[in-house]
Structures are given as structure tokens and as C-alpha cells.
Ligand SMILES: Cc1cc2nc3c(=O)[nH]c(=O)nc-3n(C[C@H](O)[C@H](O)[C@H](O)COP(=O)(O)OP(=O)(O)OC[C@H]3O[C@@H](n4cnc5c(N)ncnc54)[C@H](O)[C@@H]3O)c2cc1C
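A single chain, nothing else alongside it, follows as C-alpha cells in the form predicted on its own.
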């Protein structure tokens, strides 16, 4: 059985390895668009900050992949899929014949269509090439502007500041990471990062990037011009679906797939950030790896498929631990908070109908498992409610 996996990110690599293990004798080919060995994209922030070097990013050597029965093809971008002939066509025109195809192309960074967006010195933040471009720019120090105050934007800001650049984060909302944090936790995080020399323009929107021959500044809607020799766009990601759409597969926000990660074509599966499973697209590594495991099991006729769980995000931003899960907005709910200014510690819990439905932890996330269990199992709080914010040691 010839199996081609398109995309050598964490999910695609995991799928290739698990399929090879579950289907002994299968000829598994892993095609990666980047001319590099598979690497840990989550650790790119550590590379940017100077905490590790490139070799520490790599997750699998060519020999390890080969020993696991996976033929790795770096620098192999798949440009088209002929489902009738069961062929994946590379950008160089080579045909890779398959009996089964797994699409794991991930996402692409959103690039704002602003005047000046194509100037040299304007980069995204998605892959190793982006980080290398930022590292080259950081050698000259100077001013950098990061557009976007989500997780990736803050990681970029922290890394560039660690490299000696003067960084300003431009964010459209009043506080950073609004999808994971409430306003108070976001403000605490911004204050913490401000102590490391990172400035914030919030809420603010960018109308143009200015410069001649190279970016020199970011123009905001209020007229301010922020000087910048480097601009990082970190405003979100978009599932890579063009290949699937051109191949005639059903595409919504992502490539539509069932719980077994099968598309409408039984010879094609889709998983990770490029997939849309029962109406849901994911953007975190952990569920993408779960989908890879489920896809391999389903292809081997095993397992129960993949089912979405309560969203949770355990992150470390500029040395600060944050965690959130469930409904953190709190509409129609009761809000329980605990804030220790001296310890820079904060918790926000959202309770509805005597059940915990959402939680935000800032500064100390050791009790995240306790709160996630309450949220996912929808356990009645009862007398526990009065001491819930203090964690499992006192909740009873």
C-alpha cells in the first residue's frame, strides 16, 4: 500500500510514523515543503529568544524516519492532486502515486493587505525561514513593530526584545491574548512585558507600512508613525486548503473530514490545522497530534475516531505561565476572582448553574488539571464553590 503524507509539520510527521507502525509493509512517503528535517514549531520562540540553536528544534533525523519505515522528501511542495489517477504532483512536475493520501499542510500566516506590506523588512511568523529573517534583522538592533497581540505576536515581541531590539506591539483590542485571557489577566501580562521594555499600542490599528526600499515605519489610524526597521505580522493563521479545493474536495474553513479524518473521498484523509472536523478547526499542536493518532488508527480499521474536547491552552509567554479553558467570557455567569498583586497571581473562574464552565489562570497554572476536570465533567460545585478559587487543596 502506497501512502503519501503531504506536510511534514508535527501532525503530518506523527501521522506518517503511526501509519507505518500500524500498517507493516506499507510504503509511506512524507513530503515536506520546507528544505529541513521535521522540527518543533512550538519551540521557534526559544530559537528567536536565543535559548536554543536550530539543531535543538529538530524532532527526527533522516535515519530515524527511514528506520521507522518513512521515506522523507524535504523541499517537496505538492502543487496538485489528481484524485482520479491517485497522484500527487510536485512543483517540479514529479508524480507521486498513492493508494491513500493524507493531507496535513497546516496553516499559513495571515498577511494584512496594507500599503507597503511587500516592503523588505516585513515578515510573518510561521516557520523557520521567518525566524531566520527576524534573527538577521535583530543583528542590527533598532526598532521593531509586531502587529498582533496574540500568542505568536507576544512570542515574537519577547524574542526580539531579548535580542536587543526596541519593540512595540500594535493590537486592535484593549488587552493582549483576548482569546485566552480576560481583560485583567491581559493587563497584568502587558504590564509584566512592559517591565522588559516592550511597549504596547492598544487598541490601535495599522493603516500603512512606510519606507523607501525598506520598511521604516508603521502608520496607525490615529496618525502616529512608529519607527521600525523590522515589522512582524502576527495577526492570525488560515488553514491551507487551496490544494484540496483545486482537487475538488469539500472545503469550508478547512478541509472537511469526519471523526476518522476521512474526507468525502475515502482515499484521502485530512488532519491538523488544515482540517475541519465536524465544523471545528483547531489551532494547537496537542489536538493536531491526537488527530494524527486517530487518523492512523482509522486507516488501520481501529480506534473510535477523533472527538473535540474542551478547549484549553497552557502557555508560557515571556516567562509567565498562563492557562485558560472553556467559556472565559462569563456572559450570564457568576465570576469568582482571586488576585495577589504581590505574587503577580490571578485567577478568574466562571460559574453557571453551580458548575464551572470556564477558567483563566495567570502566574501559577499548577491547578489547571483540577479546573479542567471540573469543566469537562460538569461536576456540581455545591459547598466547594466558596473555596473554589483557592484550588484543590482547600476546595471541599
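Positions refer to the first chain, counted from 1. Here the structure is a predicted model, which means the values were calculated and not measured.
There is another form of this protein, the form predicted in complex with the named molecule, and it is not shown here; the text below is about that form.
Considering the named molecule in the predicted complex, find the one stretch among 300-308, 225-233, 285-293, 260-268 with heavy atoms no farther than 4.5 Å from it. Looking at the other structure, the answer is 285-293.
Does each of 8, 77 and 240 have at least one heavy atom within 4.5 Å of the named molecule in the predicted complex? Yes: each residue has a heavy atom within 4.5 Å of the partner.
Though the named molecule is not shown, can you say which of 339, 41, 355, 60 has a heavy atom within 4.5 Å of it in the predicted complex? None of the others qualify; the residue that does is 41.
Note which of 105, 218, 157, 181 lies within 4.5 Å of the named molecule in the predicted complex, where distance is taken over heavy atoms; exactly one does. Filtering the options by heavy-atom distance leaves 105.
Would residue 152 sit within 4.5 Å of the named molecule in the predicted complex, counting heavy atoms only? Yes - in the predicted complex, heavy atoms of residue 152 and the named molecule come within 4.5 Å of each other.
Is residue 163 close enough to the named molecule in the predicted complex to count, meaning some heavy atom within 4.5 Å? Output for residue 163 is no: heavy atoms all beyond 4.5 Å of the named molecule.
Considering only heavy atoms, tell me if residue 83 and the named molecule come within 4.5 Å of each other in the predicted complex. Judged by the heavy-atom cut-off of 4.5 Å, residue 83 is well away from the named molecule in the predicted complex.
Taking the named molecule as it sits in the predicted complex, is residue 125 near enough to touch it, meaning that at least one heavy atom pair lies within 4.5 angstroms? Heavy-atom contact with the named molecule at 4.5 Å: present for residue 125.
Go through 8-35 residue by residue and record those having a heavy atom within 4.5 Å of the named molecule in the predicted complex; state none if no residue qualifies. Result: 8, 9, 10, 11, 12, 31, 32, 33, 34.
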